[in-house]
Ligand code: THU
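Okay, here we've got a single chain as structure tokens, the form predicted on its own, with questions on binding and movement later.
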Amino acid sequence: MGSALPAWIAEGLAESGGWLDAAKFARALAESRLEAGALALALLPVAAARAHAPVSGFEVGAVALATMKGGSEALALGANLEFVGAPLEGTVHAEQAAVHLARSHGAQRLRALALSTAPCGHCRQFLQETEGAEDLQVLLEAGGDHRLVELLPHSFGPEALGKQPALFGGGSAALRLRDDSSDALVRDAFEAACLAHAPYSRSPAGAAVLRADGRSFTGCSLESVAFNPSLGALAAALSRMAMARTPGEAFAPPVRAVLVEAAGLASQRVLSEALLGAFAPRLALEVHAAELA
């Protein structure tokens, strides 16, 4: 991050796992004297520093400008996350990480996304799932301001399967945890499952992971109309854990991992077990079933 930016911005992002709420974002704009897009671009190195890319060696950062309820704006970082020995489908792209983090904090939609490199086709399709995708601005570190519709012409969108883009505005699913567990981490995973975006499989899933220091992180499944670009719940939870590292801190496996999913047309269990088996081979995935209430 450039020396012109106040040090508290990077410190605040480290403390919050990559999130600047509306009040802190407004303060950052005022003190940096930068326009929102310029600030997002200036923070790309901070985002990329949280990447974990042992397979590709290619570290990518993303910074999302998110609109909150009431019209205020906040900011979310994202970075790519890879796992040696796991299926490549378990990879989390920087764009996905930023979108999931913004959504987890209650964002209503995305206005712009700053990237350290042009988005791959996988991410362009994933972003197509968001409301107002045709107006989403993509800002590149090397220069250039593009609308997503320019980067993804003749797109295949949710409408093709009779759905509407609702990655941010879809609401919560009414689920019931079958075993009614009172375990805190299981309940965290269940609450994440209630927030999942699963209009195609109708199999909402949530995950929660526990770090050795006792801090927990959750993730929910975010499906894409093209299926393959979907983000899995466990991968999303691990992404949030990765984003909460301090610069230079190694990415260590969790000490517990829980998956909660409802039976539908798909299941995340096999891929989640493969992902966890590669990253934390001594750790068994705890799986709990949910159902529509």
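Start at 1 with the first residue shown and count on from there. The shown structure was predicted, so the numbers you read here are calculated from the model rather than taken from an experiment.
The discussion below concerns the form predicted together with the named molecule, not included here.
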The named molecule isn't shown here, but in the predicted complex which of A102, A208, A196, A94 has a heavy atom within 4.5 Å of it? A94
Could you check which residue among A212, A118, V149, A184 gets a heavy atom within 4.5 Å of the named molecule in the predicted complex? A118
Have a look at 248-256, 234-242, 262-270, 50-58 and name the one stretch with heavy atoms inside 4.5 Å of the named molecule in the predicted complex. 50-58
Is E73 a contact residue for the named molecule in the predicted complex, using a 4.5 Å heavy atom cut-off? no
Applying a 4.5 Å heavy atom distance criterion, does S221 contact the named molecule in the predicted complex? no
Contact flag, L167 vs the named molecule in the predicted complex, heavy atom cut 4.5 Å: no
Look up in the predicted complex whether L136 has a non-hydrogen atom within 4.5 angstroms of the named molecule, and give yes or no. no
Interface residues of 59-89 toward the named molecule, as seen in the predicted complex [heavy atoms, 4.5 Å]: V60, N80, E82
